[in-house]
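This document starts with two versions of one protein chain, written out as structure tokens and named structure 1 and structure 2.
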Structure 1
Amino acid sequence: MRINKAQAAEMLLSMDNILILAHENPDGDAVGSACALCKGLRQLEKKAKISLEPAAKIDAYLTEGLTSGDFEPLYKVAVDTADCKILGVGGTSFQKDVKIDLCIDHHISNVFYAENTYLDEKAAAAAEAVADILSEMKIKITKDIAECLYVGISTDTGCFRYGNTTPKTLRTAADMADTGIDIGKINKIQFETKSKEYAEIEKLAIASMETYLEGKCAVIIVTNEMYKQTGIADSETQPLASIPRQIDGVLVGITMKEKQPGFFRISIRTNEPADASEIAKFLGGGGHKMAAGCSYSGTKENAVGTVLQYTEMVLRETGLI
């Protein structure tokens, strides 16, 4: 059932012993949203904890002290997760079909898998929606909560460079800045700090780039062998997704990551007016117009061919080629 902000706040105020989940391979928005919500609930002296798959090192500092809690969860809340199929349950005893009592999300592709869903598809990030709910609950936005929310909002807006950034997004970020968080430090950690392993795999990924469809599609392939060669954790490779669409003339940038032999996680990033979600849905995925994801099992050649087939179909149907 779809609910409004007031109903979501009322639900959370009535809950206790709460486990907060997010999508697999969590990004800064997933981590920031989960941590902010957990800290807000604890401010009300509720028992709450998070259970996330390993995140990038730059996000890990937000989760300190939030993964523990001596209680059996009675309620489960998911943030920034459009479908239970991508629920991050690695390292936990939970299954992807676990009952979710409340979902807080901003993806227009949300399939309403939870018992109750607060969906703000106009929000630039799930953290923006979480900030609204915390405000509705009259929770004081402390410096440590603000830091989590700012990480989430800045991540999904590309540090406010993407077209999903709205005046409300900027006002929310300004409210976070008013608490005294060190924006310069956060931005440096989130957007300007790379490990040596990431620098190496970025070099290999860029070397793999090929363009197709009259130069309007660029594809990067990160193979399982590259992971082994560099020793990098997959959670650190998220910035690769934005590289292909940065090429002049490219409408669709595709990054294919072979986390396991023969299994590819596919990130699709587009420039206007191409629609990433329209491409992803053909492979059972979804997301936003400018950013979507899906997966594919098979050989590298078949994976590339299949994704290009659907990309060409969507671009032709919309008159872009």
Structure 2
Amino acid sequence: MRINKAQAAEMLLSMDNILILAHENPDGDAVGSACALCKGLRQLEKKAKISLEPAAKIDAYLTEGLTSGDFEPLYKVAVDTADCKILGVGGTSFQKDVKIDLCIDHHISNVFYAENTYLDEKAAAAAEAVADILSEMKIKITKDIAECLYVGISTDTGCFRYGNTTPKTLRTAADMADTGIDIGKINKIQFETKSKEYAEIEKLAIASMETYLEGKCAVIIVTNEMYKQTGIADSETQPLASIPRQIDGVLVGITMKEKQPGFFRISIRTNEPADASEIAKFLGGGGHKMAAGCSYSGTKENAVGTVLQYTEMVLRETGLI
């Protein structure tokens, strides 16, 4: 059932012994939302804990003390999770078809898997929806809670850069900053710091960048050799995908990652009006207009040749070259 903010607040006020879950490989919004909710419930003397798997390294300090709690969960609440299939539910300890009593989310693609869902699809981040519910529950937004919510909101908006940032998003962030949290420091950790391994692979990836199709397509290739040379975890390479699209005049930015030798995962990012999903479809993939993905098995040369051929076809069909 879809419920409103007041109903979600009322439900949470009536619960105790609460386990909070989020999507697997949780990002800053999943971690921030789960931690803020847990801290808020504990402020009301409720027993609550989180289970995330695995928490991103960068957010470890937010989750401190929140994963343990000596109680058997009576209620389960999921945050920032559009589908129960992607719930990170603690390895073998739960089934993926676990009954979720309440889901708090902002994804328009939410499939309403929970018994009750509070969905604010206008919210830039799940943390924005959590902030609203905590306020409805008259929970005091301490610095501790504000920091979690701020990490969530800033993560999902690329620190207020993306088009999902609304006036309300900025005002919610301002409310969090009012508590005295050091947003400059948080932003520095989240957005202005690169691991040595990431810096190394970024350097190699950027050096590999070539432009094609009259400068309208830029391609970077992360070879298996680069993975080996830098020792980077694949999960850390995600920001590379945004690099080729940033060049002035580029309509299609392509990032090809060969984590396994001879197998390429291909990220396609476009600028208006090019359609990434149209290109990905040719290789059996899919996605959205601005971001899509697919894969290719074969040599590097063939992978590049093939994806360029389909890119040219789509750009030509739509009169963009």
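Basically, rigid core = biggest C-alpha set you can superpose within 1.5 Å across the two forms. Residues are numbered by position in structure 1's sequence, first residue being 1. All values reported here derive from a predicted model rather than from experimental measurement.
The form predicted in complex with another copy of the chain is represented by structure 2; structure 1 is the other form.
Scanning Gln260, Glu45, Thr193, Lys228 for the location where one rigid part gives way to the other between structures 1 and 2 picks out Thr193 as the hinge. Note on conformational change between structures 1 and 2: two rigid parts, with the smaller rotated by 24° relative to the larger (from C-alpha fits). Superposing the two forms on their core, we find that the Cα atom of Gly305 is displaced by 11.8 Å between structures 1 and 2. Taking the core as the reference frame, the CA atom of Ser235 shifts 4.9 angstrom between structures 1 and 2.
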